[in-house]
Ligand code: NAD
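Quick heads-up: it's one chain on its own, the form predicted alone, in structure tokens.
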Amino acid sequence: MKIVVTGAAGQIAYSLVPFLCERGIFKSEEKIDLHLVEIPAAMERLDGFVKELEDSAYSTVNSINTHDNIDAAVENADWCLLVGSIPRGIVFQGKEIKERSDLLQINGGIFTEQGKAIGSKAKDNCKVLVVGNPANTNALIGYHNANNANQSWMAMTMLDALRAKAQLSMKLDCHVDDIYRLAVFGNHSPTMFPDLENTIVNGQNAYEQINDHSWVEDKFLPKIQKRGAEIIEARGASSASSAARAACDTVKAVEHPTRSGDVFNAAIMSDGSYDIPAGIFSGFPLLSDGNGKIEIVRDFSLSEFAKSKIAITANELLEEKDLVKDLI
């Protein structure tokens, strides 16, 4: 299998690539051909990472290749994990990136190029996971420029779901494996909505077990929505290992059938389900059959409170779409 990872010399990829080399992540028993992509200025650092990967002698890996050009990297790719993006707050071409509109336009150029390359050169059944933020709208840009309806494009919301499971397990004193049907709706941003009203813990409704709406609204939601900022404040850098774990878990969730009675989380192109406007990439509860088919779970019952929160995050996605309309 040919696996492409962009931003391969960065912090997330440093954890992600070893995770991907674990046996059992991919359904296929084929050995992996890793194709790692970076900008020219980071190729020396990437070379150091490759030496570590070689020294790890993974039984699952057939070859490791490096590229500073996306077109060469994605030829006949089975999976593309688009980790690299320009973050807010850095100086890019002599200007500090502060505004969301600037961030979207700059990354839009990157994902326009990557989308065109993947659409024309990767396999028709290629699966694409966008990790680099703003992930939902980057995925939207890449999807439109790929112009290949047979490929599966997703943006990562699994990290938000894992954060929500961790906080819920502490609240209810349960193991994370006891939590089913926890879904994150909307944007991977502070507007996201992790839903507890349809979550099941040890066979019982989680929201009813908590029995404290003020905790859900005033403690739980802000904790998940602002967790990324909390980590940046604490470690002086954004989430890396947890983001890598979430990306790997997304790949595994797509490659294997969803466990009975459960869902997995990613953002895909909306078809209007749950009143989320069609034409944007939104987080949904999803099912995978393990053979490449992904579908939205449509039986969630949403309260007016949940609907109001989902409307906020959907509106943000529409605003982002409007900011990049010239790129799609």
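Throughout, we count residues from 1 along the sequence that is shown. The structure displayed is predicted, hence computed values, not measured ones.
Form predicted together with this ligand: not shown, discussed below.
Highlighted residues 2, 64 and 119: none comes within 4.5 Å of this ligand in the model of the complex, counting any heavy atom. Contact with this ligand in the model of the complex, defined as a heavy atom within 4.5 Å, holds for exactly one of 112, 258, 239, 152, namely 239.
Of the residues 159, 183, 206, 73, just one reaches this ligand in the model of the complex with a heavy atom at 4.5 Å or closer; this is 159. Listed stretches are 164-172, 129-137, 195-203, 214-222; the contact stretch with this ligand in the model of the complex is 129-137, by a heavy atom cutoff of 4.5 Å.
When this ligand is considered in the model of the complex, residue 37 lines it closely, a heavy atom lying within 4.5 Å.
Under a 4.5 angstroms non-hydrogen atom cutoff, this ligand in the model of the complex has residue 9 among its neighbouring residues.
None of the heavy atoms of residue 176 is located within 4.5 Å of this ligand in the model of the complex. Put simply, residue 297 is far from this ligand in the model of the complex: not one heavy atom of it is within 4.5 Å.
Along 40-66, a non-hydrogen atom within 4.5 Å of this ligand in the model of the complex is carried by 42, 45, in order along the sequence.
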